[in-house]
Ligand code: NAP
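Take a look at this one chain, the form predicted on its own, written out in structure tokens.
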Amino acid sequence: MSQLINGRVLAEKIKDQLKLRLSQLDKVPCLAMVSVGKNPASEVYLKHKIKACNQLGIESKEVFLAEKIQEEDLIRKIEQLNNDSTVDAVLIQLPLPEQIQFKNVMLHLDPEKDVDCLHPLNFGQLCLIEKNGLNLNDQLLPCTPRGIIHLFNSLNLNLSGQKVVIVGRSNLVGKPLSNLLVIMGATVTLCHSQTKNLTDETRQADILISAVGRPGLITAPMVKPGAIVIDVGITRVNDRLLGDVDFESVKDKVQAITPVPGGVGPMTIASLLENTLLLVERKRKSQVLSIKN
């Protein structure tokens, strides 16, 4: 069998590092998580996020809103969180119901509280990172892409010249991750539902990343022997959590692979905590500079 990339173990190491940073703060950080309606996979993630906050000593503020809430009412709630001085970071759990436009909502979120780096100002900053200028210590990055980069670093993986294929073009994963990997020197192909002959694309990948949310989408014939496979997808089916990759058929064909659960998921949560602390540290640094001036 190939190497199993254990996100749980690496996530615990990151949390240990965060505990030291937490001890240096003069306040307990507060992360507000806004959830609209019910999505089985999202509910799983939210439960684990709350648990991780409690374990680390970060205050979590859960805001549950009805599935049929109107866009203006959601925006009003977000503006309340923007103005709440006790809240340091805000996460808007995706996906949102059809009646709500993602872009409109994100435009109303304070960029300085945007923990998932989805406000246009923060998202645009990703495009301005210079070649080899990516620094996980002080740059705000979307949580899942940040977690995946941590996984690559744990493998001592040099991405320069590597052929990476990402299946899924979401604002949460595919789009920002493709840009970050290009910055790190990879040659990236971003595939999606309109991609013709998807198998022809995925079989070229030295590193294959699937972030679609369709169980069993990636099968053994779609994977290049010796590739590294990162499974971001997570779907609840009959009380089981399944990834995009048909794990059993793929695992013995590749160099390394992430499981579902236990791969990217824990890293996304660890990165959420990391981003929360980063926002608090930025705010404190800004306040100190303001006092000095």
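Counting begins at 1, following the sequence as shown. These figures come from a predicted structure and were not determined experimentally.
Another form, the form predicted in complex with the ligand, is not on view; read the next lines as being about it.
In the predicted complex, T187 stays away from the ligand, with no heavy atom inside 4.5 Å. Although the partner is absent from this view, Y45 contacts the ligand in the predicted complex, with a non-hydrogen atom inside 4.5 angstroms. Although the partner is absent here, S193 is a contact residue: one of its heavy atoms lies within 4.5 angstroms of the ligand in the predicted complex. Of the heavy atoms in V34, none are within 4.5 Å of the ligand in the predicted complex. With the ligand omitted here, the record of contacts in the predicted complex names 262-270 of 55-63, 262-270, 26-34, 246-254, defined by a heavy atom within 4.5 Å. Of the residues L136, L121, I183, L198, just one reaches the ligand in the predicted complex with a heavy atom at 4.5 Å or closer; this is L198.
With the partner removed from view, the residue among S170, N179, Q204, T219 that has a non-hydrogen atom within 4.5 Å of the ligand in the predicted complex turns out to be S170.
Residues are counted as partner-facing when one of their heavy atoms sits within 4.5 Å of the ligand in the predicted complex; in 221-242 these are V232, G233, I234, T235, in sequence order.
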